[in-house]
Structures are given as C-alpha cells and as structure tokens.
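Shown next as structure tokens: one chain only, the form predicted on its own.
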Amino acid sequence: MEEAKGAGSCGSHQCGHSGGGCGDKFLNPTPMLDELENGPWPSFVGGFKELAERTKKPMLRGVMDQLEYSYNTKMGYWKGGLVTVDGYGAGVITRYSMIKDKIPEASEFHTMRIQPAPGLHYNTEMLRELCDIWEEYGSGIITLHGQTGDIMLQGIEQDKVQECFDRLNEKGWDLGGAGAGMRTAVSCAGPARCEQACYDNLELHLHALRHFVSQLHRPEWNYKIKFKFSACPNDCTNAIMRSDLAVIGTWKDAIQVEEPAVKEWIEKNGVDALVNQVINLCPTRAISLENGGMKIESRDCVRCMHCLNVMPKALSPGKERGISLLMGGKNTLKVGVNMGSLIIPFMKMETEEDREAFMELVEEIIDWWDDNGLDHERIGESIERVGLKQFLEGVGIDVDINQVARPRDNPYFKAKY
C-alpha cells in the first residue's frame, strides 16, 4: 500500500517542511482533489479549503489528506462504531478512520443529524446560533439538508459530542433519527406559502413527530421507516419515491375553475397555447376544448397537477380536500427501487380527531410490519413479499379499486364455494 502523506508532512510536495501544512499554508498539497476544482461547476473542495484555512482546524486538514489518499488508492477508509448522547440510541453517525496511524488528524469524523422544523422554517438567529456552536465544537461543515431531511453537522470527535448536543439542545435543537427506527420526517412549505396545499402538512408533521419521538430517538423496529408530507400532488418532498409512508394532499371533488381567469389566460396566451400546453399534455385526456374554453371531466382526472401549475389563477384543487397515503417508496437495497403504492385513496385531515385517526392507522401498519417483516426489510419489501391482499387483511383496510397498480393478465377468477 502506498504510504499516506499529510497530517504532519507536506505530502508529495518535496520542500522538507516537517510541520502540518507547507510554508504559510495550513493545508498539505492535494493534487487529486485540486482536479475537482476545475470546470464550470462549484466544488466542495473549494469550500473545504476555505473553511480549513480560515479556522485552522487540524481535523479538516486530516480529512482532506485522507480523501486524497483514498483517491490515490481507490479505497475508502472509514468504519462505523457507536457514539451516542445520554438517553438516546440514535442521531450520531460514526466515522472512525482505519488509517489513523498514518493520518492521525482524521482519526474521528462523526456526523450529528439535527432535526429541522416542519417545512424547514428557521429564523436567522437560530441559524447563527447553530453555526456558532458547531464551529466551536465541530469542523464547521454543515449540509442543508441531507437526503434524510436532517441538518447534517459533519465532523466532530467523540469526546465533544455530548457537550455539543447539550448546547444545541439548550437552543431548542434536537437530534434526528438513525438506525432501525422512525427517521426524521420531511414536509414541504405547505399552506405557509403554497396556494395548492390540500391539508395542513406542517401540523400533521408536528403531530407525527410528537407521537413517534421515542421511536425516533430509541430505535426498536426491524429497520428504518420514513414519513414525508407533501401538501399537494406536486409532491415537492419527493415522498412517493423516497418514503415508506408518503402522505400526499389531494381532493375528492372537481377541480375549481374560475371562468373569468380562464378567459384572461386565453386572451393573453391564445387558444393554441391552451391546446398545446394544457389540453394535449393531460395524461388521461380529461380536458377538452369547448366553446373556446376548457371542460374538465373529473372522473378521468388523476391529480397530476399539470393544468393547475400552468394556470394557477384559473384552476385550483377541489373544495373537498384531504390526503392520500402511499406506502413502500424506497431506493435500491434488496429488491431495487420502489415507488409508493396507493393504500388509502382519501382521508379527511382537518381536525384533531382526523389526525388521531391517522396516527392510529399508522400504529396498526407499523405493528403489522414489526410482527411480519424480516430483519433489515423495509415495509414496502415486506408487503411485496407477502402480497398486498395479506397486508390489507392484516391491518384491517378494505380493498379499493384505486389500489390496483395494473390489471391482471388472466381475466378469469375462481369464486369461493
């Protein structure tokens, strides 16, 4: 194995300098990483260098030396372990170096997952406090936001984790989820900013967080499970692709049409634009041209949101609003990528009683999965393994025609005698 340079030497730069860095520079030469700064796109390497030269944190120099070494040897050198704070069983992602004897400055580089508020609402005072605390105890590197939905505070040593968490907790921050339990939920801006919102996803997100806070901090299930709350079918949180429980705002009646606004849109853009940009792009041909205007056949509408996005002043979601629950979305692991399957076509979500009923349903679903799922198996994989029919029977949900993903190849069936 090639001998690692850095963290006390000048790497490949032959200047005879024996301390960390070279000359007046804090960092060691990293020619492989430097290549990533070429080209028109921003590079994380430039950000790392700026932060390291400004803060003079040896951890940052060590991590860049180790990454340079990894690029040269084409191997990764991080391993896991266990780092926690008092009373918690999750929330810190451990990173121990396997070559700390070669690069001691990179011996530890743990990540703290910090849970954001629903809809990612912050004020500047909160963010300044977060940055100041993190730069005091950790590397100063922050990711807003990781694919988990958390604020990722990347780079801290084990003996500083508890004190850092205590300071953050005093300011109102809490750790996010990790391990085989409830993970940090994600929600879009919802009714706080969006006119398309069909339910208060921020309120339901907060309700779910409070309900499952113990399972979030102390994992107890077969594997992880994630909520994402999108307030309308635009699904700005990418819930259907990336969450086990995708809660999507929807409506039950017809799209609301403001005829004067439709005429204004046609006068501005023309009938050809209406046909080419709206009618012809409806996936189910639910819209037709009628008397120079538009007619929507509600029974054919699949809530794709295209027409509402093109004509937001003229069209809006129906008046009878609520949620749809889709389950099983995930990225590659055992059975490849899955999108969520529709389980609950429509459910009202207006009152505290509605939210409690939803939580009871989710509890029933998780109990079934905890009893029937295999170790390290996502809930969508469990449903695919045993069959949707067995799952619906197990949790007491009635079969609905809207749950059918595709028709059977065989049109015949046998009735029970």
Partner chain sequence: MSSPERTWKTIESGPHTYQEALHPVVRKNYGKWKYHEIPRPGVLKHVAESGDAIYTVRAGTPRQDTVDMVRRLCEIADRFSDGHLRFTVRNNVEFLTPNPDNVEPMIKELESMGFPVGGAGNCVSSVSHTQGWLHCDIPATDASGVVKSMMDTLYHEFKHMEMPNKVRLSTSCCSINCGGQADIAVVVKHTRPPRINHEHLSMVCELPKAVARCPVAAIRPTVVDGKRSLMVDEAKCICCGACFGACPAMEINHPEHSKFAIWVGGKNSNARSKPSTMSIVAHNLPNNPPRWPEVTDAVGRILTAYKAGGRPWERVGEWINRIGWKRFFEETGLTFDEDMIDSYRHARTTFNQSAHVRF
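Only the largest set of C-alpha atoms that superpose within 1.5 Å between the two forms is called the rigid core. Positions refer to the first chain, counted from 1. In this text the structure is predicted, and so the values were computed from the model without any measurement.
Unshown form predicted in complex with its partner chain; subsequent notes refer to it.
Remark: C301 does not count among the residues lining its partner chain in the model of the complex, judged by a heavy atom distance of 4.5 Å or less. Mapping the unseen interface onto this chain, E363 falls outside it, with no heavy atom inside 4.5 Å of its partner chain in the model of the complex. Interface membership of G292, defined by any non-hydrogen atom within 4.5 Å of its partner chain in the model of the complex, is ruled out. Using a 4.5 angstroms limit between non-hydrogen atoms, A405 touches its partner chain in the model of the complex. Exactly one listed residue, out of L325, I287, A178, L202, brings a non-hydrogen atom to within 4.5 Å of its partner chain in the model of the complex: L202. The three residues P118, M152 and F165 all sit with a heavy atom within 4.5 Å of its partner chain in the model of the complex. Residues of 186-214 lying near its partner chain in the model of the complex, listed in sequence order, are V186, C188, A189, P191, A192, R193, C194, E195, D200, L202, E203, H205, L206, L209, R210, V213, S214, the criterion being any heavy atom within 4.5 Å.
With the core superposed, V362 shows a C-alpha displacement below 2 Å between this form and the one not shown. When the rigid core is held fixed, the Cα atom of E35 travels 2 angstroms or more between this form and the one not shown.
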